[in-house]
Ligand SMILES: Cc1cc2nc3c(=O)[nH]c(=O)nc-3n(C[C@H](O)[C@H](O)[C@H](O)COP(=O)(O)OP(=O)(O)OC[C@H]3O[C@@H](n4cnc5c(N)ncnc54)[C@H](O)[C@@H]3O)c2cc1C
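Quick setup: one chain, the form predicted on its own, written in structure tokens, and binding and motion questions come after.
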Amino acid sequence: MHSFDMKQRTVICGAGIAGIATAYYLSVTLGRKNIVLIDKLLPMSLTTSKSGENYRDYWPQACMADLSGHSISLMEKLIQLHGDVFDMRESGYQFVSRFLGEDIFSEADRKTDSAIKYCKDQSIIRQQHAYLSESIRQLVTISRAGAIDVYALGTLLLREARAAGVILMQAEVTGLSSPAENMFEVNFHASHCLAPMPCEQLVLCAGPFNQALAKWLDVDLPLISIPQRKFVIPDPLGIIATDMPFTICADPITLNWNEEETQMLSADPTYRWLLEELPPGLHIKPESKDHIKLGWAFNRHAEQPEWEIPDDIEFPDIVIRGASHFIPGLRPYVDVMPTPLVQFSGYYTRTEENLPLIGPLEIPGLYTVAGLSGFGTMTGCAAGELCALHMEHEELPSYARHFHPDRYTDAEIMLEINASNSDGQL
């Protein structure tokens, strides 16, 4: 049984990759003691477990490219210290398009130093990527990009943080308050602990539930949560090579339906949207030796977050139909979906401009790492480090202003944000 007093100076709510990374950089790198990491569930079992497990250093915003690039460097440093225990593979990203009239990444969006390579020679595309549709007319490759095992990464960070003294506690937070200056109380439900738990610093790293935690302290975070889905299926026909880069369709897609299907969809207001053009971003990657993982964030409707999101039985069919537009070999799977099919769902919790919130909030001692919409795996290390630097009043990197929760009062930063043509979401 734990009994907590003011010596427990820091409480981090949320044991996903963001909370674990914050605990790691606070304890291991900066030497902070008396840290409690608390979560209702097992570590990394909510949003982090639904990750696509990809990374890239290219973003249309320079601040995001800097954040993700630094996060990749931090992961590379971890490999130097501990070996490649989280299987970091620089397999690349590949964006494809049927159109030549406009670059996949427009000149206005190329504001970073990331290494990207264009190919607009169809003969070369066909020779090097025979699985792509003959309609593909341009291809962009991002070199410093690939895949990692995010659970193994988080396990490493958590192990090292606990060795440095971080206490991991599985308990449901039932309330937050600030009864006195420079003091917080965390109420929670756990049979083996005494409540409430006082602390001097409180960090909100609870993914889609950050907003709910902040409201207990009368703080409003400008976040919305949008449910998104991915699924994994076997690839019995061997359509996707195991070394294929993470491949993203940069074009909007209109799904192909037969005449009977079109009539049925037209007659049903609930499903009529499936006849409309769907947004770019459908993506596919090899998953283990003979499986593939697919996703498509075409949903744009925010919801009140729930602990469990029910499966969508139509989602796999929609995505396979869309994927067959640019990888025709997948068309047999439209008629007969390979099984077993494993679908998993999580939230893209984001700000309107899709930049995260990292740093101090309006109440002294209150911090957050929030809004890591679809990029928590690739930026988790740098996001946790940045929050830790804020908390220890260390020198901050140049991109810290862009992610500071008070950026909405910074005219220069907002001018830059409003001038961006893309939010970088996939």
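All residue numbers are counted from 1 along the displayed sequence. From a predicted model like this one, the values you see are computed outputs, not experimental measurements.
The form predicted together with the ligand is left out here; the points below concern that form.
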E53, heavy atom within 4.5 angstroms of the ligand in the predicted bound form: yes
Contact of Y118 with the ligand in the predicted bound form (heavy atom, 4.5 Å): no
In the predicted bound form, Y348 touching the ligand (heavy atom, 4.5 Å): yes
4.5 Å heavy atom contact, F375 to the ligand in the predicted bound form: yes
Contacting member of I38, A388, A382, M64, with respect to the ligand in the predicted bound form [4.5 Å, heavy atom]: I38
In the predicted bound form, the one of V173, V96, I284, I320 near the ligand [non-hydrogen atom within 4.5 angstroms]: V173
In the predicted bound form, segment of 43-51, 27-35, 356-364, 390-398 with a heavy atom within 4.5 Å of the ligand: 43-51
Three-residue site G207, L213 and F344 fully in contact with the ligand in the predicted bound form at 4.5 Å by heavy atom: yes
